[in-house]
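Read the single chain below, which is given as structure tokens and is the form predicted on its own.
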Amino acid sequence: MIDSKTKIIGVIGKPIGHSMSPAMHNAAFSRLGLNYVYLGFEVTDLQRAIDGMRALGISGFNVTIPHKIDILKYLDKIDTTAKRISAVNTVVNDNGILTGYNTDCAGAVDALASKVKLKGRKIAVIGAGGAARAIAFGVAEKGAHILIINRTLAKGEKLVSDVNGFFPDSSKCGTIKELEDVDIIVNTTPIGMNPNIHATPVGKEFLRKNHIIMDIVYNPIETQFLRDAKSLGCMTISGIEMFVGQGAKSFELFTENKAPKEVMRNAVLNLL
């Protein structure tokens, strides 16, 4: 029951109506009997929203598109991994001190590593936003070679420069035409997200049977990108895996309890 002692957790972004984080986290709170509630907040004015979170004593919140990078300048502390990536998706409020973390990185790496060894693999990352940064840094740390493909070349080159600053010669920019030479392709853009379910970031003609395909979009469960890949016999990894993985790690930061991952996964699957 929600009362004056209920701790509030949330997610901020724009748009936010499609987010399944509230259902996922609230199911986990309920299973463990924790007096928490998780809400979605559509945020345009990021600075005022953060001031409000701090003033109201919101216990923590996740951060999604388009605020994962801009939020860094409004935080008091930033975890080492998040600082390296320069993107935050989880914030914990400790008596008014806001600390930023990046659980996208571990969530994505765990999802990939559960299917394939990453060391020495050639991985194409489609996009150069906050999620792309998390994944690029995460797989570079595991010894992978990265091809960044982004609509805006300057943004892609910035990500390559940042990754190479920590992991020299691990990354480069490229084009869709170079996908034939990679082992794994990861879409980090919102292309293919509901309601634009027939859109795809990579045309089927650029995919090969030996590719491993991961899409971080989780609504729908099987995007057009994943359907095209499956039709060619590719191994595919749904966005559900990264979403639940990062959510579980955020949950543990928020509550200091072990996350009930299967409860969280089932909550999302039931909605989808």
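Please read these numbers as outputs of a predicted model, since none were measured by experiment. For the two forms, the rigid core is made up of the largest set of C-alpha atoms that agree within 1.5 Å on superposition. Each residue number is its position in the shown sequence, starting from 1.
The protein also exists as the form predicted in complex with a small molecule; that form is not presented, and the subsequent description refers to it.
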Tell me the stretch among 163 to 171, 127 to 135, 88 to 96, 178 to 186 that has any heavy atom within 4.5 angstroms of the small molecule in the predicted complex. 127 to 135
Work out which of Leu39, Ile65, Leu32, Leu232 lies within 4.5 Å of the small molecule in the predicted complex, going by heavy atoms. Ile65
Just to be sure I understand the contacts: of Ile191, Ala140, Val109, Ile78, which is the one whose heavy atoms reach within 4.5 angstroms of the small molecule in the predicted complex? Ile191
Would you check, heavy atoms only and a 4.5 Å threshold, whether Thr152 touches the small molecule in the predicted complex? yes
Gly233: CA shift of at least 2 Å between this form and the one not shown after core fit? no
Aligning on the rigid core, do we see the C-alpha of Pro66 shift 2 angstroms or more between this form and the one not shown? yes
